[in-house]
Ligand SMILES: Cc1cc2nc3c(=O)[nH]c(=O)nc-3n(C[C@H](O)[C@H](O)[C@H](O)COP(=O)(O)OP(=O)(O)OC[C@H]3O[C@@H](n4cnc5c(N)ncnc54)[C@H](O)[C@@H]3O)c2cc1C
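What follows is one chain in C-alpha cells, specifically the form predicted on its own.
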C-alpha cells in the first residue's frame, strides 16, 4: 500500500479514531487506518498496538495492577495517537510514563524507534505535530507503569467526586471512576454529539504576568506547573468573554464546557473555523491572550 502511494505520488494520512481532526475539505490522497492490536506486559513495561482503544488500555492496566494512567481515563481515541498529542488530563500527562514507540516512515517503509527525547514532548505537542507531521505511522507504544500506587489529586473536581463516593483512601480504580464521572458530567459525549474535544489549549503565563492579570481578574483559576509557569483554563476565559453557547450555523460553543465546540446537527468546517476565529478574537480583545487551537485541520 505504501509502495502504491509512493508510485502514484499520493499524500498519505494516517487516521486513528479521528477524535482530534477536523476536515475542511475532501482529503486528496490515501487514508490509512491502522489496526495494530495486542498488549504485552513485561514487569512494569507495557507495549500496546496503536489500534487499541485508549480508555480500554487504561482500565486493562488497572486490572493488571499497574498504575499511572488512571487520571487519563475516558480520553477518546486510540493508543497510537496518544504520543502525537502528548495527551494529558487532571495532572497527568503521557510523557511521564512514556518509554518509546515504533513507527514506520511513510516515504521509505523503514521501521524506526523513538525514545521520549526523540519525540520532543511539550504541552499537547510532539515532533509528530510539526517536523514529522504526516511522515510517520506509529504502530506500537511502550509505557512504564508502577506496581506501587501514588495518587495524583491536583484537581478539585476529582477530589470532590471522590469525597462524594465516601470511599476513604482512594484506590487507582476509584480515581479512574471519579475521572470518568467528572468527564461524563462536564463534557459532551462525542458518541451522541459530534465534537473534537478540547478545541483550544490552555494558555500559560509567567508568575509576574499572572499577578498583573489578577489585579483585574482576581478570580482567575490557575495551576502552577513544574516548570514554574502557570496554566490558565481556556474555558474560563471563553466563558468570561461571554462566548459560552455562542454559535455559527450548527457549530456552537458547548453549554456544558466552553472549551468544546460541538456540532448541533449539520455544522460545516466553515462554521467550526468561523466560530473558533470569533472565540479567539473575543478572548484576545477581552484579556489580551491569544488562544491556540488544539485539533489538527486538513
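Positions refer to the first chain, counted from 1. Owing to the predicted nature of the structure, the values given are computational and were not obtained by experimental measurement.
Not pictured, yet referred to below: the form predicted together with the ligand.
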One residue of 181, 210, 152, 187 in contact with the ligand, assessed in the predicted complex (non-hydrogen atom, 4.5 angstroms):
187
Only hit among 220, 87, 205, 159 for heavy atom within 4.5 Å of the ligand in the predicted complex is 87
Where does the ligand sit in the predicted complex: which of 221-229, 113-121, 169-177, 187-195, heavy atoms within 4.5 Å?
187-195
Close approach of residue 276 to the ligand in the predicted complex, 4.5 Å, heavy atom
no
Report whether the minimum heavy atom distance between residue 13 and the ligand in the predicted complex is within 4.5 Å.
yes
Using 4.5 Å between non-hydrogen atoms, is residue 2 touching the ligand in the predicted complex?
no
Can any non-hydrogen atom of residue 289 be found within 4.5 angstroms of the ligand in the predicted complex?
no
Under the 4.5 Å heavy atom criterion, name the residues of 66-103 that approach the ligand in the predicted complex, in sequence order.
75, 76, 77, 78, 80, 81, 82, 84, 85, 87, 88, 89
